[in-house]
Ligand SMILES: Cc1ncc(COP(=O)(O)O)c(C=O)c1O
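Below sits a lone chain in structure tokens, taken as the form predicted on its own.
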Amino acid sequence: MTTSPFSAADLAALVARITPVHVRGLDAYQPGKPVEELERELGITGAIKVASNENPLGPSPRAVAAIQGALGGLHLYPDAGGWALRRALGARLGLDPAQLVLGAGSNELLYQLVLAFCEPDDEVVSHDYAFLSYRLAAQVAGRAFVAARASAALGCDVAALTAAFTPRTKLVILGTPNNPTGAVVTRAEVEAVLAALPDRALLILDEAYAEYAAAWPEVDHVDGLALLTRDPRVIVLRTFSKIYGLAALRVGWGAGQAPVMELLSRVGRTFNVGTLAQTAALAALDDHAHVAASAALARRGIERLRDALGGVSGIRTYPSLGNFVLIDTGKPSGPAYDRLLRQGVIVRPMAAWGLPTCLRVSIGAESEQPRVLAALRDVLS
């Protein structure tokens, strides 16, 4: 066996030469550790994970049954066009299937949007404390990302956002409800954004938690699907990962006007959404009982959590229409996060989002909520 002519120093020099400038400065997404690994490290058992905005009711039962029936076809490639799922979605939403594009989660579609529409000098615009993938999708492609000042509620400040628009603005991305802060964008606010949108730009509404928001009908928030039928500049992203409980399968979808979506589909990977994902999503789409139960559980859990912490001095809980709550602890949240870990409650620290004093807490199962609330009260007081 011959020895490689490259030493470690040679390899380091090679990597430095071949790495594009925009890749050198990328911050990789830092996933949380698996529950089993944290239990092993801390010497605990029975930990409760309320860190990833997962559905505590699990996947749609209809989806599970459908997957079991599809296992015999694993030797076949997936339907690259996602015809059955797009037809079903179109029928449900009153859209032509040509207005729909599937992705491996709506997260993948964020990256496709930048590839499809942004020239090298174009900018992607959002606001502070928005979902990290908005920034990453731009930066991975070497495009500039601009974050406008957020509102006092840590959501979209329309005046600040529109002031950030320039002739280079190509994509404007707003999460509603926004992850991790829970803030929503109202109908009037979106109309104001569209009125100021440069004539070369598109507005992307990331509605990953839209089905949860529907459980709060008294709160004014925009319905992107209604808006896109009136304005061809609007694209809506949604996912089966959240309320449908199919996070492990990675299936989401985008909706917009057919000519725009045709361009988006050109940059997608072939067979990016697997057969089991398509099968499960198609079945979950009709599981209305599971969706309703999940939304009701999230609303009850949010109200409980905010009530439980309402009297704790120095603590602020932000309104949320998702399945999570952002908590400002009033001090660096690392020690609180560690103490919660040792009580077997795994939450998400928010320093990576620019919120070093905050924790994001997902709504867990009914049986888990008393223990989570007790741990939060103990640690945060």
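Residue numbers run from 1 along the displayed sequence. Small disclaimer: the values here were computed from a predicted structure and weren't measured.
A second form of this protein, the form predicted in complex with the ligand, is not displayed here; the remarks below concern that form.
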Margin query: Is it true that 117, 122 and 135, all three, sit within 4.5 Å of the ligand in the predicted complex, judged by heavy atoms?
Written below: no
Notebook entry, point to check: Is residue 209 close enough to touch the ligand in the predicted complex, meaning at least one heavy atom pair within 4.5 Å?
Noted result: yes
Notebook entry, point to check: So, in the predicted complex, is residue 221 in contact with the ligand at a 4.5 angstroms heavy atom limit?
Noted result: no
Next item on the list: Report whether the minimum heavy atom distance between residue 268 and the ligand in the predicted complex is within 4.5 Å.
Entry: no
Checklist line | Contact of residue 105 with the ligand in the predicted complex (heavy atom, 4.5 Å) | finding: yes
Next item on the list: Sort through 272, 99, 279, 241 and report the residue having a heavy atom within 4.5 Å of the ligand in the predicted complex.
Entry: 241
Check: Among the candidate residues 170, 143, 250, 233, which is the single one with a non-hydrogen atom no more than 4.5 Å from the ligand in the predicted complex?
Finding: 250
Notebook entry, point to check: So which of 127-135, 306-314, 255-263, 88-96 is the stretch with heavy atoms within 4.5 Å of the ligand in the predicted complex?
Noted result: 127-135
Check: Since the partner is left out here, which residues of 167-186 would have a heavy atom within 4.5 Å of the ligand in the predicted complex?
Finding: 179
